[in-house]
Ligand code: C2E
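Below you'll find only one chain, the form predicted alone, shown as structure tokens.
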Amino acid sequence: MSLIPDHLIFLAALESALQEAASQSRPVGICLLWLDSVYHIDTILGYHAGDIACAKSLQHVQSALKDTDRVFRIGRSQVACLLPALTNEAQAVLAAHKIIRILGSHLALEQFTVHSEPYIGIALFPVHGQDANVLLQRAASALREARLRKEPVFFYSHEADAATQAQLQLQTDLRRALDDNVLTLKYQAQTDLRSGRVVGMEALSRWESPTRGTVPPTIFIPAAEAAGLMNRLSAHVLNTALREFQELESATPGLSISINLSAQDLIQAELPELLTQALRTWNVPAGHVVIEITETAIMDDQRARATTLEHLKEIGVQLAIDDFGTGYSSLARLKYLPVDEIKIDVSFVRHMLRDVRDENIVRSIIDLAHNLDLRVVAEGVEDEATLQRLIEMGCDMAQGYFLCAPLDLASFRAWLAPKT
């Protein structure tokens, strides 16, 4: 049982097992394991300790299997189990659960006890493929799904594999769109409800793909996060928004611009410098910029993200909690966050005239924000009656299609001209 990762040895053994199984018309199984304990030990104690942990894990895995089954280490944290003597598919599932049980216990290593949460992806010959490389790929696909779904054992699924490939293609297309600078911004006005004046604008990222058509942010932003593209996307949005705002604000002074950042942005150490540089490049006063961050993003890992928020405040920008009411914020925590504004989520505003519970939530958020000396913006205002009710409640600002649809810069400038 070698500790040297070698998928070629495994593939050769698999090829041999497939030839024998084909002649006898019986299944062969692959269980592909992710050993999270080895990954963590590598990063904390080093690779030598990781090798020791892996050796112990491999012994445990082999003890859970039949004598005819073989175990291979094919990566730092990946192990392949070859099950060449199956009589039915259920035996592969049974073997996988035995492995999970034996590896799910704590692993003693030097003075530490390491908890393991392994995942297993299963692929079977001939139902999932008849070629060794195809079967390994499909076991890897099943393992990926197991980890994504947080399910200890997952069978290969063509539907899940197709969905994953579609997601990878989406990420590839998005990367190309960023390379070609084809993502654009639209702007939606924010209106002061006391004066009726337009006082701000929110930048909204848009992607018009030549092959996909309009791709909504609810699709491409999660794809950017999964592909590690959020830094590039956020830098693009920041610089484009500030450049176009500078053009508009020079002719229409007094406006502010709201720009959305993601949860991933908040954990990037270079975010304050990125923002500072963008403000300097486009000569936009920091006080005219509102950085919007969702409630959930702020409340995750509160200490680290509160530090980032403090750094952003030091730059001089304003901060807003977006989609307020849909996350899980602690009211006790809210009073310590360095925010200036709360944006009531559209789901409450849109139905507040038909559902008294939504109306009460909106009223409560407005009262809460004012008691904390925060501005309140209502999103999703789509009719005159909703606007009037918000005015009666004392809401500070509003935005929505009734007031202004999202517009490109030229259209927004033309829309704004008669109002200034």
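Sequential numbering from 1, following the sequence displayed. What you are looking at is a predicted structure, and each value in this text was computed from that prediction instead of being measured.
Note that the form predicted in complex with the named molecule isn't included here; everything after this is about it.
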property: Candidate from D51, E382, D36, D355 lying within 4.5 Å of the named molecule in the model of the complex - any heavy atom; result: E382
property: Contact residue in the model of the complex, chosen from S205, Q318, T308, T191 - any heavy atom within 4.5 Å of the named molecule; result: S205
property: Options 165-173, 281-289, 197-205, 151-159; stretch whose heavy atom lies within 4.5 Å of the named molecule in the model of the complex; result: 197-205
property: In the model of the complex, D323 touching the named molecule (heavy atom, 4.5 Å); result: yes
property: Residue contact check: L94 to the named molecule in the model of the complex, 4.5 Å heavy atom; result: no
property: Interface membership of G104, the named molecule in the model of the complex, 4.5 Å heavy atom rule; result: no
property: 4.5 Å heavy atom contact, A177 to the named molecule in the model of the complex; result: no
property: Whether N231, I267 and Y336 all lie within 4.5 angstroms of the named molecule in the model of the complex by heavy atom; result: no
property: Contacts with the named molecule in the model of the complex, stretch 259-276 (heavy atom within 4.5 Å); result: N260, L261, S262
